[in-house]
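Below: one protein chain in two forms, given as structure tokens, structure 1 then structure 2.
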Structure 1
Amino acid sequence: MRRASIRRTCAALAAVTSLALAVTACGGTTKNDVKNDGGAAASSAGKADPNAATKKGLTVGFLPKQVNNPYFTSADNGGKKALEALGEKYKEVGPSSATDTSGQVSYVNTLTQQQVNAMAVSAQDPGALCTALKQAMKNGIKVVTYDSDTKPDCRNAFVSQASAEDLGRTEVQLLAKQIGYKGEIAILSAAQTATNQNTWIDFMKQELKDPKYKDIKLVKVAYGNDDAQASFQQTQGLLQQYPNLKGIISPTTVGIKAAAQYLSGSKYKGKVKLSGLGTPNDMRKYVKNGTVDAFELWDPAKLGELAAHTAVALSSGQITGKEGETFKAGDMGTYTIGKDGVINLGKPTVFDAKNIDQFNF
């Protein structure tokens, strides 16, 4: 996937504050994006003791890409809640701009100087933070990345939002249910070269090979280049070209919002189903006015909560970040560390009329 393609995937949202959030939301790293650059740093940092007592009074610093951003406010509050329940101390620092990589480096250095026990970082750039993060680890600080990863040898573990396979397959499952497993569907993607989008679409096509989808036909993959106007026009074009279209999947927060905008003002409202990846704040009005039944993304509060539990487990010596280790993350259950120190949050969260008002990002 990596940064260039993801930045294109989310670029059209950067112009306004409310949509800058979605840049963050779809700008993270998922499990399948992590490249093996020698393995997680913690994999050789001693032996884990899963029965070790959870240490109390630990200080965990959260460093998001951008403070006062609704997405990261939700994520970090999830971390704060978990830490306070465990008897630990929470603090948050970070830049006010979502592109301030140098600022993130300085905040890593500050947390290191303050001798926090652990830090949870959403990396602006895969490589730019490495030197600072490695220095933190040399000082005995446990480093967890969440939402957006750095290189595996520059942190102890990465908490991933969802796997690429889960994102691709569940989007098909969600739309298929809405159209009664029958009819023509299309995909409205971002750029044709966007690695993340193409990976998800490949898994969508694999999912559609299941016999239960035998009456569903994928007629076209359209590309809106993560531009709101272009995505709007592509939606219009799809419906003109395929008048019997029953549903659209848009695995991009820009595309799904633009498609919903078009459908809500057309004769297709409520007749052509729309699903994909979106944020509750972008999609709320379209769910409430009947344009969209349900869509999905990950829950940032759960992501922050798992990052906090991971940081405490590392600091307590219950895990080191090695593949195969397991730990208890409170009410979230037991998690197993995968290859390169990756911990997968789980399947995406589905948002609909029943729960959408519970979220603010």
Structure 2
Amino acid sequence: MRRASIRRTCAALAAVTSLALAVTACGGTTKNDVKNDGGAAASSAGKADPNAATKKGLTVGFLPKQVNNPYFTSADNGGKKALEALGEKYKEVGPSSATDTSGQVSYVNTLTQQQVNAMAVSAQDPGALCTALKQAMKNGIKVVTYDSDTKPDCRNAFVSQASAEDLGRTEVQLLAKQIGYKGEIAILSAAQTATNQNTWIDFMKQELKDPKYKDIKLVKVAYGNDDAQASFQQTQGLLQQYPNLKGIISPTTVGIKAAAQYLSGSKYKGKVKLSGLGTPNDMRKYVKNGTVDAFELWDPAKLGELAAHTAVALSSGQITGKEGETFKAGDMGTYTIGKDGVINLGKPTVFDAKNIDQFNF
């Protein structure tokens, strides 16, 4: 066990037992130390010191949902760049399938055994990683989720690409406009357990309750598992099952690309509308050939960069993950931690024929 972890355990012990017992159990700790610390309870809750120096030489492990997904390549490279500029070390591990939850658990355990200082994880499933992530935190490792969250008590902070509510609602708004507020629509999602997609889909359903969408019917949520072939087949299946389908929302970069590929080679091109979340580089040709009118995304590299800065700020003691704490994320500016330890990157960009050539990611 590391020293930091022993200290945390002792502080936690002091918070729940009498001070005398905690002092005995932790040897070395004196009453004066505890006093100088501002009290055992305070130190167990962890006090942020916004003026603490940024530590150098930290190792931060990135664990995406899926390593061979270009979206995560961009995100993690953003993290790498930020870490190297700060004098830290970067590493990346992760499964090649977005539905390999037990693989993700093993990678969390590997990073813990390797005693990284912090890890940035995009969770394939909200609960499955919890035990492993809690074990990491017990060992003094700071845990940041980025892109896709776990439960709030299983990490120190979550770096969110944008407000989940905004993302869910705007995707419906974009597609509804394209289909003239009328007709059957479907959603082509990623993995059935994906925290981020499921949260956005819940907000899409809420948005659809607005009377202005009374003539739109959501007929199905299909899952392509962030696998190109499965997403392509699911799109084909949706059109077979619902020949009157007017539109598809795909809130995944892998899904929207595969759906665009299917539609552009079919009789549905330009007739069945497709929107959701994609990268401009993946979607450019489908915007130019008339398959897709508009879709949205944030800059994945910026998401990775912010996750890296958050991991370093946590490891340096500048933040603990509590609402209201602020920290500097290099030249990205100052960020404030919101409710449940969520940090929002900002607003996504809507891409269409007019602006798509201005973006290269």
Ligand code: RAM
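Quantities reported herein were computed from a predicted structural model and do not represent experimental measurements. Please note that residue numbering is based on structure 1, beginning with 1 at the start of its sequence.
Shown first, as structure 1, is the form predicted alone. Between rigid parts that reorient between the two structures, a hinge sits in the chain, and the option from 283, 148, 297, 194 at that spot is 297. Rigid-body analysis of C-alpha superpositions between the two structures gives a rotation of the smaller part of 45 degrees.
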